[in-house]
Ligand SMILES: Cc1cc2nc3c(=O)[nH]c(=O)nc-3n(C[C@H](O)[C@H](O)[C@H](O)COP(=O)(O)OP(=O)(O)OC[C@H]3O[C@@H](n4cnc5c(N)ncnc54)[C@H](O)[C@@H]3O)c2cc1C
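Shown next as C-alpha coordinates: one chain only, the form predicted alone.
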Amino acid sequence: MTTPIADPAADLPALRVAIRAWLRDNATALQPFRHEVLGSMHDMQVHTRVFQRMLFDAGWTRLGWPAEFGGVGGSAVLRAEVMEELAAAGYCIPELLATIEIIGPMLIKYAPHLAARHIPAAIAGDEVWCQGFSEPEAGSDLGGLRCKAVPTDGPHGAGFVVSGQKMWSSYGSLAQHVCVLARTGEAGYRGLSMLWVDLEQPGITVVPTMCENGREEVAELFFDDVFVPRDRLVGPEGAGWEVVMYLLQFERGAFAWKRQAELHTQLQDLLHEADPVAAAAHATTVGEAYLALFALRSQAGPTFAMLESGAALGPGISVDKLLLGATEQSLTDTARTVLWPALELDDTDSAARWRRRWSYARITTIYGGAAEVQRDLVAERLLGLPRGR
(Lines give C-alpha, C1' and ligand atoms only; values in the text may rest on other atoms or scores of the structure.)
Protein backbone atom coordinates (compact mmCIF):
# COMPACT_ATOMS: atom_id res chain seq x y z
CA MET A 1 0.00 0.00 0.00
CA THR A 2 1.47 3.34 -1.02
CA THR A 3 1.64 6.29 1.34
CA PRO A 4 -1.49 8.43 0.79
CA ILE A 5 -1.15 12.12 -0.03
CA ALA A 6 -4.68 13.02 1.08
CA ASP A 7 -4.54 15.00 4.33
CA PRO A 8 -7.36 14.18 6.78
CA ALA A 9 -6.57 17.37 8.72
CA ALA A 10 -7.11 19.63 5.71
CA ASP A 11 -9.98 22.10 5.58
CA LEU A 12 -12.20 22.14 2.50
CA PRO A 13 -10.35 24.92 0.60
CA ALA A 14 -7.01 23.14 1.12
CA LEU A 15 -8.54 19.82 0.06
CA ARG A 16 -9.86 21.36 -3.16
CA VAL A 17 -6.40 22.71 -4.02
CA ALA A 18 -4.80 19.32 -3.34
CA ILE A 19 -7.24 17.17 -5.28
CA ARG A 20 -7.20 19.55 -8.26
CA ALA A 21 -3.39 19.44 -8.31
CA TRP A 22 -3.45 15.63 -8.20
CA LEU A 23 -5.94 15.51 -11.07
CA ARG A 24 -3.73 17.83 -13.15
CA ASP A 25 -0.60 15.80 -12.40
CA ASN A 26 -2.33 12.55 -13.39
CA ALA A 27 -4.43 13.88 -16.28
CA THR A 28 -2.95 11.53 -18.89
CA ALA A 29 -3.45 8.38 -16.82
CA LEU A 30 -6.96 9.48 -15.84
CA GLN A 31 -8.17 10.34 -19.35
CA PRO A 32 -9.90 6.95 -19.89
CA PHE A 33 -12.17 7.59 -16.90
CA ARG A 34 -14.03 10.56 -18.33
CA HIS A 35 -16.83 8.41 -19.77
CA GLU A 36 -18.88 5.45 -18.64
CA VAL A 37 -17.97 2.11 -20.20
CA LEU A 38 -20.66 0.91 -22.61
CA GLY A 39 -20.06 -2.81 -22.09
CA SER A 40 -21.28 -5.24 -19.45
CA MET A 41 -21.14 -4.91 -15.68
CA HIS A 42 -17.94 -6.97 -15.78
CA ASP A 43 -16.45 -4.57 -18.33
CA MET A 44 -17.38 -1.66 -16.05
CA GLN A 45 -15.71 -3.28 -13.06
CA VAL A 46 -12.49 -4.07 -14.92
CA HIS A 47 -12.33 -0.53 -16.29
CA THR A 48 -13.13 1.44 -13.13
CA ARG A 49 -11.11 -0.75 -10.77
CA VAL A 50 -7.93 0.91 -12.00
CA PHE A 51 -9.30 4.37 -11.15
CA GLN A 52 -10.64 3.11 -7.84
CA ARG A 53 -7.20 1.80 -6.90
CA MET A 54 -5.52 5.08 -7.85
CA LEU A 55 -7.93 7.00 -5.63
CA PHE A 56 -7.33 4.50 -2.81
CA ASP A 57 -3.54 4.68 -3.04
CA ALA A 58 -3.64 8.49 -2.98
CA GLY A 59 -5.95 8.34 0.02
CA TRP A 60 -8.82 10.34 -1.49
CA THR A 61 -11.46 7.65 -1.01
CA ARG A 62 -10.04 6.71 2.40
CA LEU A 63 -10.79 10.12 3.84
CA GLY A 64 -13.42 10.01 6.57
CA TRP A 65 -13.02 6.29 7.22
CA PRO A 66 -11.31 5.52 10.57
CA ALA A 67 -7.80 4.05 10.36
CA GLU A 68 -8.92 0.75 11.93
CA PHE A 69 -11.28 0.28 8.97
CA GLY A 70 -8.72 1.03 6.25
CA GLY A 71 -9.15 4.80 6.16
CA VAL A 72 -6.90 7.73 6.94
CA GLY A 73 -9.32 9.42 9.34
CA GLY A 74 -10.81 12.89 9.20
CA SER A 75 -14.35 13.87 8.35
CA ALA A 76 -16.53 12.06 5.80
CA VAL A 77 -17.39 15.53 4.49
CA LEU A 78 -13.89 15.56 2.99
CA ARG A 79 -14.71 12.39 1.04
CA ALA A 80 -17.94 13.99 -0.15
CA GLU A 81 -15.94 16.97 -1.41
CA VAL A 82 -13.59 14.63 -3.29
CA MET A 83 -16.59 13.18 -5.13
CA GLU A 84 -17.74 16.70 -5.98
CA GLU A 85 -14.32 17.61 -7.37
CA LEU A 86 -14.01 14.41 -9.41
CA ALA A 87 -17.38 14.99 -11.05
CA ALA A 88 -16.76 18.70 -11.59
CA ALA A 89 -13.49 17.86 -13.35
CA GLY A 90 -15.39 15.59 -15.73
CA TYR A 91 -14.47 12.19 -14.30
CA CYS A 92 -16.88 9.32 -13.64
CA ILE A 93 -16.88 8.45 -9.96
CA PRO A 94 -16.29 4.66 -9.76
CA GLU A 95 -19.75 3.09 -9.52
CA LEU A 96 -18.89 0.51 -6.92
CA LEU A 97 -17.96 3.15 -4.35
CA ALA A 98 -21.69 3.75 -3.91
CA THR A 99 -22.27 0.43 -2.13
CA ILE A 100 -19.46 1.19 0.31
CA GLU A 101 -21.03 4.55 1.18
CA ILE A 102 -24.32 2.75 1.89
CA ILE A 103 -23.22 -0.48 3.58
CA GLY A 104 -19.92 0.60 5.17
CA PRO A 105 -21.40 2.81 7.94
CA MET A 106 -23.76 -0.01 8.89
CA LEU A 107 -20.85 -2.45 9.30
CA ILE A 108 -18.87 0.04 11.38
CA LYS A 109 -21.80 0.64 13.75
CA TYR A 110 -23.18 -2.88 14.07
CA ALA A 111 -20.33 -5.27 13.10
CA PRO A 112 -16.94 -3.55 13.52
CA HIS A 113 -15.12 -6.89 13.27
CA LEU A 114 -16.55 -7.31 9.76
CA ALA A 115 -15.91 -3.67 8.88
CA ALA A 116 -12.21 -4.01 9.73
CA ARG A 117 -11.92 -7.04 7.46
CA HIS A 118 -13.96 -5.92 4.46
CA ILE A 119 -14.03 -2.12 4.13
CA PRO A 120 -10.33 -1.75 3.16
CA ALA A 121 -10.69 -4.36 0.41
CA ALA A 122 -13.87 -2.77 -0.91
CA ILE A 123 -12.45 0.76 -1.03
CA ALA A 124 -9.39 -0.55 -2.89
CA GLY A 125 -11.62 -2.26 -5.46
CA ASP A 126 -10.74 -5.81 -4.42
CA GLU A 127 -14.24 -6.67 -3.12
CA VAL A 128 -17.78 -5.97 -4.28
CA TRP A 129 -20.83 -6.02 -2.00
CA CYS A 130 -24.56 -6.09 -2.58
CA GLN A 131 -27.80 -6.02 -0.57
CA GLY A 132 -30.28 -8.84 -0.14
CA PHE A 133 -33.50 -7.19 0.99
CA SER A 134 -36.37 -7.33 -1.54
CA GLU A 135 -38.20 -10.56 -2.33
CA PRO A 136 -40.85 -11.51 -4.91
CA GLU A 137 -43.66 -10.72 -2.45
CA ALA A 138 -41.88 -8.20 -0.23
CA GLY A 139 -40.35 -5.15 -1.85
CA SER A 140 -41.02 -1.89 -0.07
CA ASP A 141 -42.78 -3.82 2.72
CA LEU A 142 -39.76 -5.44 4.35
CA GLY A 143 -41.91 -6.61 7.25
CA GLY A 144 -43.27 -9.29 4.91
CA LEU A 145 -39.90 -10.95 4.23
CA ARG A 146 -39.98 -14.76 4.10
CA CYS A 147 -36.32 -15.66 3.56
CA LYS A 148 -35.52 -17.65 6.71
CA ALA A 149 -32.38 -17.88 8.81
CA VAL A 150 -32.92 -20.72 11.28
CA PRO A 151 -30.59 -20.71 14.31
CA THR A 152 -28.48 -23.87 14.53
CA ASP A 153 -25.67 -25.33 16.59
CA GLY A 154 -24.73 -28.19 14.29
CA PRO A 155 -21.51 -29.75 13.03
CA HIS A 156 -20.29 -26.46 11.57
CA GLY A 157 -20.76 -24.62 14.86
CA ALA A 158 -23.21 -21.95 15.99
CA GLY A 159 -24.90 -20.02 13.25
CA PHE A 160 -27.90 -19.89 10.95
CA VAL A 161 -29.20 -21.92 8.02
CA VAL A 162 -30.50 -19.54 5.38
CA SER A 163 -33.14 -20.54 2.82
CA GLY A 164 -35.09 -18.33 0.44
CA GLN A 165 -34.83 -15.89 -2.43
CA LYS A 166 -33.78 -12.28 -2.86
CA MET A 167 -34.14 -10.10 -5.95
CA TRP A 168 -33.19 -6.68 -7.34
CA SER A 169 -29.74 -6.96 -5.71
CA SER A 170 -27.69 -4.20 -7.34
CA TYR A 171 -24.23 -5.42 -8.45
CA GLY A 172 -25.25 -8.93 -7.38
CA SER A 173 -23.60 -10.43 -10.46
CA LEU A 174 -20.24 -8.99 -9.35
CA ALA A 175 -20.44 -9.28 -5.57
CA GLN A 176 -18.53 -11.58 -3.26
CA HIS A 177 -20.57 -10.63 -0.17
CA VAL A 178 -24.19 -9.71 0.54
CA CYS A 179 -25.91 -8.30 3.61
CA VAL A 180 -29.07 -10.40 3.89
CA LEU A 181 -32.14 -9.34 5.85
CA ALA A 182 -33.72 -12.62 6.92
CA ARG A 183 -36.40 -13.88 9.26
CA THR A 184 -35.01 -15.40 12.44
CA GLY A 185 -38.13 -15.04 14.58
CA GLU A 186 -41.76 -13.99 14.65
CA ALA A 187 -43.70 -12.45 11.76
CA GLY A 188 -43.40 -8.72 11.11
CA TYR A 189 -40.53 -6.33 11.71
CA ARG A 190 -39.39 -7.70 15.07
CA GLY A 191 -38.38 -11.11 13.77
CA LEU A 192 -35.69 -9.94 11.34
CA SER A 193 -31.90 -10.19 11.55
CA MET A 194 -29.10 -8.92 9.29
CA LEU A 195 -26.45 -11.41 8.17
CA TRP A 196 -23.19 -10.97 6.23
CA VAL A 197 -23.06 -13.83 3.71
CA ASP A 198 -20.24 -15.05 1.48
CA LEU A 199 -21.79 -15.44 -1.97
CA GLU A 200 -19.09 -17.83 -3.15
CA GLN A 201 -20.00 -20.62 -0.72
CA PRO A 202 -22.05 -23.72 -1.68
CA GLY A 203 -25.83 -23.51 -1.75
CA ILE A 204 -26.06 -20.05 -3.32
CA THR A 205 -27.17 -19.43 -6.89
CA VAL A 206 -26.79 -15.98 -8.45
CA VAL A 207 -28.94 -15.26 -11.51
CA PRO A 208 -28.13 -11.91 -13.19
CA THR A 209 -31.11 -9.88 -14.43
CA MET A 210 -30.63 -8.11 -17.75
CA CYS A 211 -32.17 -4.64 -17.54
CA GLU A 212 -33.48 -2.36 -20.26
CA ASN A 213 -30.23 -0.38 -20.29
CA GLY A 214 -28.36 -3.47 -21.52
CA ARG A 215 -26.55 -4.32 -18.30
CA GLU A 216 -27.05 -6.88 -15.57
CA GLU A 217 -27.67 -4.11 -13.05
CA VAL A 218 -29.30 -6.45 -10.55
CA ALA A 219 -29.49 -10.15 -9.75
CA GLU A 220 -31.66 -12.74 -8.07
CA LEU A 221 -30.05 -14.63 -5.19
CA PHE A 222 -31.22 -18.10 -4.16
CA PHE A 223 -30.19 -19.62 -0.81
CA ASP A 224 -30.56 -23.38 -0.34
CA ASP A 225 -29.77 -24.31 3.30
CA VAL A 226 -26.72 -22.05 3.42
CA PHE A 227 -24.81 -22.08 6.70
CA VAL A 228 -23.80 -18.65 8.03
CA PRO A 229 -21.65 -18.52 11.20
CA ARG A 230 -23.07 -16.57 14.13
CA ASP A 231 -20.15 -14.12 14.01
CA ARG A 232 -21.58 -12.93 10.66
CA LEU A 233 -24.53 -11.32 12.47
CA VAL A 234 -24.70 -7.59 11.83
CA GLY A 235 -26.14 -6.26 15.06
CA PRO A 236 -27.98 -8.43 17.61
CA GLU A 237 -30.25 -11.25 16.54
CA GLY A 238 -33.74 -9.87 16.00
CA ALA A 239 -32.49 -6.29 15.49
CA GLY A 240 -32.55 -6.45 11.68
CA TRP A 241 -35.19 -3.76 11.33
CA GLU A 242 -33.12 -1.27 13.31
CA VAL A 243 -30.03 -2.17 11.27
CA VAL A 244 -31.71 -1.82 7.88
CA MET A 245 -33.31 1.49 8.85
CA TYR A 246 -29.85 2.78 9.74
CA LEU A 247 -28.52 1.60 6.36
CA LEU A 248 -31.38 3.18 4.41
CA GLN A 249 -30.43 6.62 5.75
CA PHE A 250 -27.22 6.32 3.75
CA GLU A 251 -28.88 4.77 0.69
CA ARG A 252 -31.30 7.68 0.53
CA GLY A 253 -28.91 10.37 1.79
CA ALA A 254 -25.19 9.83 1.16
CA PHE A 255 -25.93 8.28 -2.23
CA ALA A 256 -27.99 11.34 -3.19
CA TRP A 257 -24.94 13.57 -2.68
CA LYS A 258 -22.80 11.41 -4.98
CA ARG A 259 -25.49 11.37 -7.65
CA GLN A 260 -26.13 15.11 -7.61
CA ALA A 261 -22.43 15.69 -8.28
CA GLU A 262 -22.55 13.33 -11.25
CA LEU A 263 -25.83 14.74 -12.56
CA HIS A 264 -24.48 18.30 -12.55
CA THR A 265 -21.66 17.14 -14.82
CA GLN A 266 -24.11 15.29 -17.06
CA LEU A 267 -26.17 18.45 -17.46
CA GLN A 268 -23.04 20.33 -18.52
CA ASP A 269 -22.24 17.53 -20.98
CA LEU A 270 -25.74 17.81 -22.40
CA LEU A 271 -25.42 21.54 -23.02
CA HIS A 272 -22.04 21.07 -24.70
CA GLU A 273 -23.37 18.31 -26.97
CA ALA A 274 -26.67 19.94 -27.87
CA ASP A 275 -27.26 22.07 -30.90
CA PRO A 276 -27.45 25.67 -29.55
CA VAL A 277 -30.70 26.30 -31.38
CA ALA A 278 -32.30 23.16 -29.92
CA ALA A 279 -31.06 24.01 -26.42
CA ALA A 280 -32.47 27.55 -26.70
CA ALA A 281 -35.79 26.21 -27.96
CA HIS A 282 -36.09 24.08 -24.83
CA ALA A 283 -34.68 26.62 -22.37
CA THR A 284 -37.60 26.17 -19.97
CA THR A 285 -37.11 22.39 -19.86
CA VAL A 286 -33.37 22.82 -19.27
CA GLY A 287 -34.08 25.35 -16.54
CA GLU A 288 -36.46 23.00 -14.78
CA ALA A 289 -33.81 20.26 -14.80
CA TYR A 290 -31.31 22.69 -13.31
CA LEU A 291 -33.74 23.76 -10.59
CA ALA A 292 -34.37 20.11 -9.73
CA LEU A 293 -30.61 19.61 -9.42
CA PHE A 294 -30.28 22.72 -7.26
CA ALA A 295 -33.03 21.49 -4.94
CA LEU A 296 -31.39 18.06 -4.64
CA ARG A 297 -28.00 19.59 -3.88
CA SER A 298 -29.49 21.95 -1.29
CA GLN A 299 -31.11 19.00 0.47
CA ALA A 300 -28.33 16.42 0.12
CA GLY A 301 -25.48 18.60 1.43
CA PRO A 302 -26.93 19.19 4.92
CA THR A 303 -28.14 15.58 5.00
CA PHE A 304 -24.61 14.28 4.44
CA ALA A 305 -23.32 16.53 7.22
CA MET A 306 -26.03 15.28 9.60
CA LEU A 307 -25.19 11.66 8.78
CA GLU A 308 -21.56 12.42 9.53
CA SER A 309 -22.57 13.84 12.92
CA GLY A 310 -24.37 10.60 13.80
CA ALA A 311 -27.85 12.12 13.76
CA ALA A 312 -30.82 9.78 13.27
CA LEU A 313 -32.69 11.32 10.36
CA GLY A 314 -35.92 9.34 10.53
CA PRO A 315 -38.63 9.90 7.90
CA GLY A 316 -37.05 13.18 6.80
CA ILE A 317 -34.64 11.17 4.65
CA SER A 318 -37.60 10.34 2.39
CA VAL A 319 -37.40 13.90 1.06
CA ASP A 320 -33.89 13.22 -0.27
CA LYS A 321 -35.04 9.99 -1.89
CA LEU A 322 -37.99 11.68 -3.61
CA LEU A 323 -35.84 14.54 -4.88
CA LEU A 324 -33.20 12.14 -6.21
CA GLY A 325 -35.68 10.10 -8.26
CA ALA A 326 -37.41 13.19 -9.63
CA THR A 327 -34.08 14.81 -10.56
CA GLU A 328 -32.69 11.74 -12.31
CA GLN A 329 -35.80 11.50 -14.45
CA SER A 330 -36.02 15.25 -15.08
CA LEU A 331 -32.45 15.41 -16.35
CA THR A 332 -32.65 12.37 -18.61
CA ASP A 333 -36.06 13.41 -19.96
CA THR A 334 -34.53 16.80 -20.75
CA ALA A 335 -31.66 15.13 -22.60
CA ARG A 336 -34.12 13.07 -24.63
CA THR A 337 -36.00 16.23 -25.58
CA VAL A 338 -33.01 18.47 -26.33
CA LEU A 339 -31.05 15.83 -28.26
CA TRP A 340 -34.07 14.45 -30.13
CA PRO A 341 -34.01 12.23 -32.12
CA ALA A 342 -30.47 11.16 -31.16
CA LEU A 343 -31.49 8.89 -28.29
CA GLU A 344 -33.88 7.00 -30.52
CA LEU A 345 -31.87 6.87 -33.74
CA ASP A 346 -28.14 7.61 -33.40
CA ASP A 347 -25.52 4.89 -33.03
CA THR A 348 -22.80 7.10 -31.49
CA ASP A 349 -21.25 6.39 -28.08
CA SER A 350 -22.77 9.61 -26.76
CA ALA A 351 -26.29 8.58 -27.78
CA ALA A 352 -25.74 5.12 -26.29
CA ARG A 353 -24.70 6.66 -22.97
CA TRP A 354 -27.75 8.90 -22.86
CA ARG A 355 -30.01 5.96 -23.70
CA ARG A 356 -28.48 3.99 -20.85
CA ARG A 357 -28.88 6.92 -18.45
CA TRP A 358 -32.49 7.44 -19.50
CA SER A 359 -33.34 3.76 -19.06
CA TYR A 360 -31.62 3.58 -15.67
CA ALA A 361 -33.50 6.67 -14.46
CA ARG A 362 -36.80 4.80 -14.81
CA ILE A 363 -35.96 2.71 -11.73
CA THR A 364 -34.77 5.58 -9.53
CA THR A 365 -38.27 6.10 -8.13
CA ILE A 366 -38.40 2.42 -7.12
CA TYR A 367 -35.06 1.31 -5.63
CA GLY A 368 -34.35 2.15 -2.00
CA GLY A 369 -38.08 2.53 -1.32
CA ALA A 370 -40.75 3.25 -3.93
CA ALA A 371 -41.73 6.91 -4.39
CA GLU A 372 -45.34 6.15 -3.44
CA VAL A 373 -44.21 4.80 -0.07
CA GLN A 374 -41.87 7.75 0.48
CA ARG A 375 -44.71 10.21 -0.22
CA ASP A 376 -46.85 8.44 2.36
CA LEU A 377 -44.06 8.73 4.91
CA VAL A 378 -43.63 12.44 4.22
CA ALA A 379 -47.38 13.06 4.36
CA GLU A 380 -48.06 11.10 7.54
CA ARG A 381 -44.90 11.45 9.61
CA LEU A 382 -43.57 14.86 8.57
CA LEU A 383 -46.71 16.78 7.66
CA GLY A 384 -49.08 15.02 10.06
CA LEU A 385 -51.70 14.38 7.40
CA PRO A 386 -54.30 11.63 7.97
CA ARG A 387 -53.60 8.20 6.56
CA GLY A 388 -55.05 7.75 3.09
CA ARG A 389 -55.87 4.09 3.62
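What you see is a predicted model, and the numbers here were worked out from it, not measured in a lab. Numbers follow the displayed sequence, beginning with 1.
One more form of this protein exists, namely the form predicted in complex with the named molecule; it is left out here, but the text below deals with it.
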- Would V37 show up as a contact with the named molecule in the model of the complex if we use heavy atoms at 4.5 Å? no
- Query: Would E372 sit within 4.5 Å of the named molecule in the model of the complex, counting heavy atoms only?
  - Reply: yes
- Does at least one non-hydrogen atom of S169 fall within 4.5 angstroms of the named molecule in the model of the complex? yes
- Query: With the cut-off set at 4.5 Å between non-hydrogen atoms, does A274 touch the named molecule in the model of the complex?
  - Reply: no
- Query: So which stretch, 190 to 198, 161 to 169, 147 to 155, 255 to 263, is the one near the named molecule in the model of the complex (non-hydrogen atoms, 4.5 Å)?
  - Reply: 161 to 169
- Task: Using heavy atoms and a 4.5 Å cut-off, decide whether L97, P105 and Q249 all contact the named molecule in the model of the complex.
- Result: no
- Item | Listed residue (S140, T285, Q299, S75) with a non-hydrogen atom within 4.5 angstroms of the named molecule in the model of the complex | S140
- Note on the structure: The listed residue (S173, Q131, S318, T303) that reaches within 4.5 Å of the named molecule in the model of the complex by any heavy atom is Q131
- Can you tell me which bits of 215 to 252 touch the named molecule in the model of the complex, meaning any heavy atom within 4.5 Å? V218
